[in-house]
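Alright, two takes on the same chain below, each alone as structure tokens: structure 1 and structure 2.
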Structure 1
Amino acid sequence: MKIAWIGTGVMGKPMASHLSAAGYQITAFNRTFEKAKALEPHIKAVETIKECVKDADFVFSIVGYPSDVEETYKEVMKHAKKGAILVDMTTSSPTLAIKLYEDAWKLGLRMLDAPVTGGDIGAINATLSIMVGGDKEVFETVLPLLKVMGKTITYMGKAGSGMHAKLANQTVIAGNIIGITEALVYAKVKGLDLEAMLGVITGGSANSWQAQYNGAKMINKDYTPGFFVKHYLKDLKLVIEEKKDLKLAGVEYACKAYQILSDHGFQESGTQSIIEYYLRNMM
């Protein structure tokens, strides 16, 4: 069984390495060739998508933006062998995922959308949560491979459903982050001890993963990225694009805030830097 891996960045590198360590034969492509090359000798690096996918039974990809996904799969579909299963793990557009699924089907290929959560730590520790859309039987074929890379693998439904689930997950986080930030800004203005405040928040019904992970960073103005503003903004824009006339005030506000932060040089900061948006009164 041969596996093609496209995208060996901060997420793709450890994910492909887990498959390789589990004994699978991997051929990798990355736009910046050196990053793929660095995975040799365990993983074979090649300089074109064609070389990467032509003999593969499975093609996995995790690249940057929906435009990268589109460009990648234009090449993949030209060169993949009949019957191959394509799995895009990028957080990308559900509409694009559905289109690619249909294109693949017409070419005798199968496709899943399978974005992940858990960040680089989750990728390194193989504890990712993976949300999958596409045909159930294709999902079941790929499941053993996904289990090598992640801990919680959830089948969400037809093509596009994996992407939709990931976007819904990011929508929850928007609300969580806004709530924590507004509370800390309010507490600061009122002269409260912010460490004590965070203790109250994480000690009861206001507790969240985000408060535990980002709360202290917000207080200390530590904007070291766990998750980049530029990537989160991409995700939020996808929600806005997909939600159509559905009114989701929280996610709309978060998207606006992160756009403004991004315009002010915070693209490479962590999502917790949204507290600057409030403190600097950027709205």
Structure 2
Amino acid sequence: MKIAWIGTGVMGKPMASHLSAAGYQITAFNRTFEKAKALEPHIKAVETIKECVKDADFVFSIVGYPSDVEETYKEVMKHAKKGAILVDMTTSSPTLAIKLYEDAWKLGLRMLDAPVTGGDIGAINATLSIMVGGDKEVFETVLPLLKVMGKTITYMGKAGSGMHAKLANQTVIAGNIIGITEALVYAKVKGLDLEAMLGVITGGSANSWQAQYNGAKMINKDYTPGFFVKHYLKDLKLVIEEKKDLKLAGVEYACKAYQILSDHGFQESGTQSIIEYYLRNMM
């Protein structure tokens, strides 16, 4: 079984490495060749998508933006062998996912949309949650590979459903991270010890992944990215694009805050840097 892997960044690197460690033969492509090259000798690095996918039974991708996904699969579909299964794990557009699924079918290929959540820690520890859209039988074929990379694998339905599920997940995070930030800002203004306050949050019913992993980083002004502002802002804009007439006030507020942060040079920072929006604009 041969697997092609496209995208060896913060998420893709450990995900591909888990498959390699499980004994699968992996060939990797990244636009910055050195990032793929760093995975050798366990993973073979190549300089073109054509070389990466030409003999692959499975093609996985996790890139940046919907435009990157579209560009990637335009090339993949030129060179993938008939019968290959394509799995896009980027958080991308549900509308695009449906189009790519249909394009793949016409070429004798099969395609799933399978975005992930859990951040860099989940990718490193192989504890990602993976949401999958596409044909059920194709999902079942790919499931053993997904289990190597993630802990919670959920089939969500037809093509595009994985992407819709991820956008719903990002909607939850918007409310969660705003709540944690506002709690810490409130505590700071009222003179409370922030470390003690975070202990209260993580020790009770207000606990969450965001509180556990990003709360302390907010307090310490550690904005090292586990998930980039620029990528989360992309996700929020996708929610707004897809929500149509739904009123999602939390998403709209978070999108505004992250856009302002991005405009002020925080696009390469982690999502926990949202606290700077409050510290700079509301205190």
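The term rigid core refers to the maximal set of C-alpha atoms that superpose within 1.5 Å between the two forms. When a residue number appears, read it as a position in the sequence of structure 1, where counting begins at 1. These numbers come from a predicted model, not from an experiment.
- The form predicted on its own appears here as structure 2; structure 1 is the other form of the chain.
- Among L167, Y258, G133, I130, only L167 lies at the hinge, the spot where C-alphas switch from fitting one rigid part better to fitting the other between structures 1 and 2.
- The smaller of the two rigid parts turns by 10° against the larger between structures 1 and 2, as judged from C-alpha superpositions.
- Look at Y223: with the core superposed, its C-alpha moves 3.8 Å between structures 1 and 2.
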